[in-house]
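Below sits a lone chain in structure tokens, taken as the form predicted alone.
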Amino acid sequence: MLLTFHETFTQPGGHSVKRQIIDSIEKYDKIIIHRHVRPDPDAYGSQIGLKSLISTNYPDKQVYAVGEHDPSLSFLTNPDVIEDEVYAGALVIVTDTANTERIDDYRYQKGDFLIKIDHHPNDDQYGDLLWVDTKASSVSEMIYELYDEGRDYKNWQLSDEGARLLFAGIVGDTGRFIFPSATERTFEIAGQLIRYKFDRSKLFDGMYEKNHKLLKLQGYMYQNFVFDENGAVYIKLTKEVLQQFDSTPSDTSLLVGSFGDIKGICAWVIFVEEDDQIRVRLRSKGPIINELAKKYNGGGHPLASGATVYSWEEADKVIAELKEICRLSK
């Protein structure tokens, strides 16, 4: 039976969705946590931060965080590699993933019970139990709220490592607290997390330092982007361009915000060519762009989304639609 709850929901008897999640965690001896493909700091922060939180409070449970590793996030941690049989009788939790197509590792379906924890629009209501809070800055913020509930409900503790991961996820998804998604509650939670013992300077270095090759690629982007009269910006990073600067598609995740400081910009798109597809990274200063992303095998937040196209002709269609979105926003 599908159960869908949002942050404000409370069942008769006062049991919130967070307590139902905690009860589910207590019920299962094996817990496997998934997140979305092409992970970012909030994907790792929420997924592996939740793993740390559960392991800290239930050391006898088997807890795994799975998915293809992105080397650019090694400064945070590495996911686990497990066999298919581990899923038998397991609780599966998926964090920070709006739809099933973007869940990393199809085996999420093999568990006994499935929980979705997310802050994107709830267009795909998958899972047996859903906690979706679109007002949260990040799913890492939601995991802190889960810890906060667990502290009152079951005397939960949060480790220094768990705090580091959650803080990284919040910082990543708020753009270092400059995005509108960073609320008063976000700052309150961040204030609590920095009381834990972890090296914030080292964490920020891991998140934002760029090697000289990537900085040269960023320079290429600044020299070659196209800016139309309505503030729509785009650039195409072909495989040849990436090879020229000895960079990988995943490296470009550090550059997606590069155009955000351009005066007069409305929205922008960065195309990154891979072997069999082209990544589409969409960002906006106002107009809603996640509906555009949904048209091209993607989705995300109203002002920050991703998609996938399979030809440069299809990429040109995205550009044309983004230009029209910016024109209509004037």
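As the structure is a computational prediction, the values presented were derived from the model and not from experiment. From 1 onward, residues are counted along the sequence shown.
As for the form predicted in complex with ligand AMP, it is not shown, yet the points below apply to it.
Asker: Where, among 300-308, 26-34, 66-74, 48-56, do residues come within 4.5 Å of ligand AMP in the predicted complex by heavy atom distance?
Answerer: Within 4.5 Å of the partner lies stretch 300-308.
Asker: Answer with yes or no whether Arg164 is in contact with ligand AMP in the predicted complex, where contact means some heavy atom within 4.5 Å.
Answerer: Arg164: no contact with ligand AMP in the predicted complex.
Asker: Quick one: name the residues from 274-288 with any non-hydrogen atom within 4.5 angstroms of ligand AMP in the predicted complex.
Answerer: Sequence-ordered list: Arg279, Arg281, Arg283.
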